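Heads up, the chain below is alone and in the form predicted on its own; it's given as structure tokens.
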Amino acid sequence: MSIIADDNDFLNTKPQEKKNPVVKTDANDNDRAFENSIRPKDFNSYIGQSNLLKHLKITIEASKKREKPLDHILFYGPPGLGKTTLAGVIGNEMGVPVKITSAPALERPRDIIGILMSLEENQILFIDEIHRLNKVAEEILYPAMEDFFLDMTTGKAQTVKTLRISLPKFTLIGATTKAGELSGPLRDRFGIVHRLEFYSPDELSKVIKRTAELLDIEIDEKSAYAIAKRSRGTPRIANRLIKRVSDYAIVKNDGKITEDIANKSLDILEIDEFGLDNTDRNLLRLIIEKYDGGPVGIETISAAIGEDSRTLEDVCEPYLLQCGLLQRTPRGRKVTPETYRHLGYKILNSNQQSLF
């Protein structure tokens, strides 16, 4: 693709990006500082995603022996499963720096051009929410990913000049919660594509114990498992819950987390044994009580419970689908028999239900 740019924009692109190459807009500073402080730095400290790690270890070892950068990598799956963390781990294992940005921050052509031109040899570029790249930025990436160059046209009318700019060989790691929204041409340029899976309670227990150790929090096996069961299969949620439970333990039990303390604090937070919160339960109850168990459209649900439809699709639905409490059909969302049992309903007939 040939990019038309104003001379001043082109000349000023690289210095601007050098001043501020890393852009993250999806978390406040405190959350980011906490998450960064507990992120694993290498494969030995990374917990979960065992099949993916086996593949990555082999790929990285082969890349080192060839003395070439890794193939471009695409991670997809629900939020909070460690896509950004994995990018950092891969960078550390490869011994190269990682430049982090997100697709919404790459609004103008010079945004993506500046980042690409500021990369070093073998560096990793991580783009979060890559499904939200605009068409222009995406087309700029195509030759950069395949052949490591940019075609740029500068000037106007009689002064037009075409420049082919070579780029250092780099690895693009893209992360998305919606792989289906990626265009075919972009998706096909990733040599490695992996889905991150929800964690088991046993894996989350290990995550919680590791975080507790880093934060100097006293916790035992049963307590860690109690928190893990209510963490929705997601390390990010598990790490946030351990902080909230720790607060309760400091007030009620001199800072020591027991199974009873963990359960009581999570009950106060209104997180049940399935990990469902009020939004999840309101969604499921609405389908049962107002729409006879479904099907009902997501926009109708969104309007009825006052939650943004994107939040419901990205945050609530993946876990509800995973644990068998919700179904997607061509006509809309439906609950399952397990949902009735979990929320304390019984089915009277195909169209009626009542509380136990």
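Only a predicted model underlies this, so the values are computations on that prediction, with no experimental measurement involved. So that there is no doubt, residue numbering starts at 1 and follows the sequence shown.
One more form of this protein should be noted, the form predicted together with a small molecule, which is absent from this view; the next part is about it.
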Next on the checklist: Taking the small molecule in the predicted bound form, would P40, I47 and Y199 all count as contacting it (heavy atom within 4.5 Å)?
Outcome noted: yes
Checklist entry - in the predicted bound form, which of 207-215, 183-191, 102-110, 264-272 comes within 4.5 Å of the small molecule (heavy atoms)? => result 207-215
Checklist outcome for this item: Checking T176, T84, N239, T171 against the small molecule in the predicted bound form, the residue with a non-hydrogen atom inside 4.5 angstroms turns out to be N239
